[in-house]
Each structure stands twice: as C-alpha cells, then as structure tokens.
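Form predicted alone, single chain, as structure tokens, below.
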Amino acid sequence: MPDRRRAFVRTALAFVLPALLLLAAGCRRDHPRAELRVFAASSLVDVFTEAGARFEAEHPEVGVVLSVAGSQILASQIVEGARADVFASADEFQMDRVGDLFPEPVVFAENRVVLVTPATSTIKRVEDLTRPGVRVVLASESVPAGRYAKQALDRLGLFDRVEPNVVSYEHDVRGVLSKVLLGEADAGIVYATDAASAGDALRTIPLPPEADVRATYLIAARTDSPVSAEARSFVEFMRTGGGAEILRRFSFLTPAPP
C-alpha cells in the first residue's frame, strides 16, 4: 500500500507541477514589470547605475533602463522623438530644450570643476596650462562640463592663453578624464566627482575660489510618459530618498529636503 501511495503521488506531481509552472508563467506575462527609461548626463553614470538597481529593489514592479551620454546628446535624442520617462541634465540649458515635455524640473545635485593631471605631472596650478607644449583637453562648449570649464578659465582671465594648448574637445566629461588617464593629455578640467572616481591615478588640483563654478543638475519626469507615476517616484527617490544618499556618497552636493 505505501508503495502504491508513493507511485500515485509521483504520478500526480508529474501532471500538477508542469501545470503550476505554466500558471505562474502566465501570471508573470499578465503582470510584466513597467519599463522606466531614464536618460542621465554622463557624469552621473556611477550614481545612476547604483540608484537604478536600488530603485528596482524597492519597486520590484519596475525595471529601470538607463541611457547615459552628454546632456546635449540626450536632449537632442528626446527632441528627435526618443522616449525618456526621466531626464537628468547637467545644466539648465539642455533641460530647457525639452521643457515642453519636462515642464517641472527640479535641482537635485550640484558639482564643481577641478583640474586633473597625471600623478607625476609637474603642473601644480591652473596657470601652468599656459606653458608652451602643455597638452590640455576640455569638453566641448556644447557640453555642460565644457561651458563650466570655459567660465572658470574666463573668470581667471586665462582662456585665451590656454586655448592654443587645447589638443582635443571631447563630447562628454568622461572623454576628458580618459584622455588624461591614457596619457594623451597633460591636463584636463572635469567635475570633482569624476576626478574622485579616478582615485590615485590622477592628481586633483582645486581651482582658485574666484573660479569656483558650480554645475547645477536638474531632473524631471515626462508629463506624457506611459509610466508617469513611476517616473515621479524616481524623481523623488533621487531628491530625497536613497538616490540622494548615493549622490552624497559620490561627492555630489544635494539641496536641503523641501
């Protein structure tokens, strides 16, 4: 009798388990995760990679799809029809370009620009960028980091003297950092947070107080997003939740909670 009972149980399981698995799969198909598309400036890549994973952990019904590039590239993609449910820009100008779709941006972080050189460089101060033969790399002026760098040099009255030494204008701030790390440039101006990410491989030289240009980051949810509720939740997560904690850990400045 026990043997027949065990045989019966095995037979029942052979039919029931596949049916349960199919039912579970069907339930998953009926309730797919909402796809939240987040466009973020390249200087935010480390922060938003971690923030996206944490947001998913706190909201298992949401899958974050992150696109990272220069703010000007992302804004152009949005203008041309790319779907972005959330846009995080490194400056106000690029956010204004898509203001009809993202009409309520808020400041959620600040950064500053610094000079970076190889650890063994003889460059000690920003004035050394004017020396003959020094190879300087900057972000393009169409990129927020490039505009901030030019503002800082202009405030010091140095841009016209540094410009002849510029060997490359990069499409984003990570391009500037890479050129210096690879030895293709003797110095570059990047965000303080990017400089910190390079560790001991580069020397960071703060700019004088009169050239302390602050980069202002804005974030907004798209008004006609098919996942507008999730987009608004992500914006608040970056302003006051776990995302704000991650920003501070990566050396960004965050505004006081509203």
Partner chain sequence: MTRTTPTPSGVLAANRVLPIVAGVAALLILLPVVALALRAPWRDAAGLLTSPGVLDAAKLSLIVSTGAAVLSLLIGFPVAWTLARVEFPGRSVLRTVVLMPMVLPPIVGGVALLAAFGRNGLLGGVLASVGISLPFTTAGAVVAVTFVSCPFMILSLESGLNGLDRRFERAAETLGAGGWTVIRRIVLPALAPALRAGIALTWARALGEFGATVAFAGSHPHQTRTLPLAIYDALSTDLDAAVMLGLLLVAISLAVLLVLGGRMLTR
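These figures come from a predicted structure and were not determined experimentally. Residue numbers count along the first chain shown, from 1.
As for the form predicted in complex with the partner chain, it is not shown, yet the points below apply to it.
- This chain appears without its partner; in the predicted bound form, the one residue of Leu101, Val106, Leu158, Ile73 with a heavy atom within 4.5 Å of the partner chain is Ile73.
- Among the residues Ala185, Leu153, Val114, Ala84, the one placing a heavy atom within 4.5 Å of the partner chain in the predicted bound form is Ala185.
- Contact annotation: Ser121 falls outside 4.5 Å of the partner chain in the predicted bound form, judged by heavy atom distances.
- In the predicted bound form, the partner chain lies within 4.5 Å of some heavy atom of Val166.
- Looking at Arg174, you'd find every heavy atom of it more than 4.5 angstroms from the partner chain in the predicted bound form.
- The partner chain is not shown here, but in the predicted bound form it comes within 4.5 Å of a heavy atom of Val143.
- Using a 4.5 Å cut-off to the partner chain in the predicted bound form, not one of Arg125, Arg203 and Arg239 places a heavy atom inside that distance.
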